[in-house]
Each structure stands twice: as C-alpha cells, then as structure tokens.
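Let's start with one chain on its own, the form predicted on its own, as structure tokens.
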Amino acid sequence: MRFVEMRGTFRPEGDIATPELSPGEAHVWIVRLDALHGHAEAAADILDEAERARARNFRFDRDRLLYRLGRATLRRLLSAYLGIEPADVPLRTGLHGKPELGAPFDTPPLHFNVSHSGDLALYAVTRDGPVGIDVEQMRPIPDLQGVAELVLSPLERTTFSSLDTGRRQAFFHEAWARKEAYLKALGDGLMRPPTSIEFGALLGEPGEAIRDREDEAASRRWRVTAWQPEPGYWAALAAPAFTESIALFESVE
C-alpha cells in the first residue's frame, strides 16, 4: 500500500470535512487526544448511556477522560462519512470485542478500527472490508527478551537477537504493531498466539509477505503496512489485499 499524505480537517468541535472515500483506499486519521482535553464536556454530550457507564468504570480520571475523548472522536469521524449526527452513530461491540456499526449500517457501507497509545489515537476507515489498526508508543520493557519470546516467531526472534540493544526496542514495537493490526482485522484473531504469524518485512525480505500458520493464503488476502506516525511511535494497518493506498490525515487545532 502506498501512502498519500494530506492535511486533515479534524477539529475539536465543529464539522469534519472528509474527502471522498473510494474503493481501494483506506483513510487513517491521526489525532492527539491531549490536544482535546479542553473539550471533554462537549465530547461527553454525544456519547450514549452505555459509553458513559463504561467511562465511569475506569479507576483513574485520565483513563476516563481519554476514553470519552477517543469515543467521541470516533463518533464524529464516522458521522462525517455516514452523513448523520455523531450521537446517532449506532456503535456496538462485536463478538470478540471489536467495535462495529449496528443497524441500519450492520451491512457495512464502511469498515473501521481504532487504536490508541500514549496520547496518540489512530482511526482507520475503508469501504474494502475488515480493517485493523494498531499504534504502539515505544517504552522500555524490563524483560524485553522474555516478552519477545511470547510475541515473535522463531525466525523473527533470530533477527531480533542479532540486533543491538537500542534497535531491539524498535524492532519489537514494529512487530507488535503489525501483529496486533493483522489479528484485529481478522476479528477473532486476538485469541490466537502472535507467534503463529510472521512478516517478511521484519526479516529483511522484499515485499509484504505474511506467513500465517492458519492461513496459507494470507499474503493473497491481506496487506499489512507499518510506519512511524510520530517519533517514538510505531503504527500498522492491515487491510484487504486489494487496498492500494493509505491517505493519512492529521488533526489540526
């Protein structure tokens, strides 16, 4: 998938100008939730009662705030694509916890997925089919070697072990973002061990080969692309193989 970078028009309040979403492309919105803190009250007004209840269940104020802001942002973005009010977007949780659209949009006119880490949130929208997105803030992991053994395939672990200490952090976070995005796109994949999947790009191979123990045709069905949306973060998008381009939109204050 090739990148098409654009300046987005997402603002904390007011209308969102979404460009046309054509078959064969995915839109990824990059939003800094910390820039929205002053708009928490307006965000809460467009959530439904189930979302408000879930927000109240968070133990820490910051987590409650980030959930409200993130969910309200999702509603506002989807409303712009669907042509309805944010509060009217029929969000529900799928069988394995993946958010999805309910009736009358449950035969989806578009597919979406969400991820956030630190103060950065990414929202992916496409008409092509199920999509998964993940963003990971790179943070020191005390037992990185031990965690890598739970996440990386044997060949990926060999490459990981050949790197110096500084490069291992970046390799691991890119690998984790790729696997998370791919498993989220599958819908029920989060129940599977990430070691069962490996990516040729992490092994220095040309192209975007995906080797999945449960799907020999994974590389023909899916594309997984990784990039750094900001210094200190890795992101990945998994989309159907015929998705040709990713348009990136950054929020503006």
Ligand SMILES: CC(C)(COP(=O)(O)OP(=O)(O)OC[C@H]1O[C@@H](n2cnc3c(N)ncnc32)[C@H](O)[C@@H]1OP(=O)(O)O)[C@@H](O)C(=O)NCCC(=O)NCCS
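Numbering starts at 1 and runs along the sequence shown. Predicted model, so just to flag it, every value in this text is computed and none were measured.
We do not show the form predicted together with this ligand, though everything after this point is about it.
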{"query": "Interface segment, criterion being heavy atoms within 4.5 Å of this ligand in the predicted bound form, picked from 157-165, 81-89, 96-104, 138-146", "finding": "96-104"}
{"query": "All of Ala209, Asp212 and Trp222 with a heavy atom within 4.5 Å of this ligand in the predicted bound form", "finding": "no"}
{"query": "In the predicted bound form, Glu180 touching this ligand (heavy atom, 4.5 Å)", "finding": "yes"}
{"query": "4.5 Å heavy atom contact, Trp176 to this ligand in the predicted bound form", "finding": "yes"}
{"query": "In the predicted bound form, Tyr67 touching this ligand (heavy atom, 4.5 Å)", "finding": "yes"}
{"query": "Contact of Lys184 with this ligand in the predicted bound form (heavy atom, 4.5 Å)", "finding": "yes"}
{"query": "Those residues of 114-132 which, in the predicted bound form, come within 4.5 Å of this ligand by heavy atom", "finding": "Val114, Ser115, His116"}
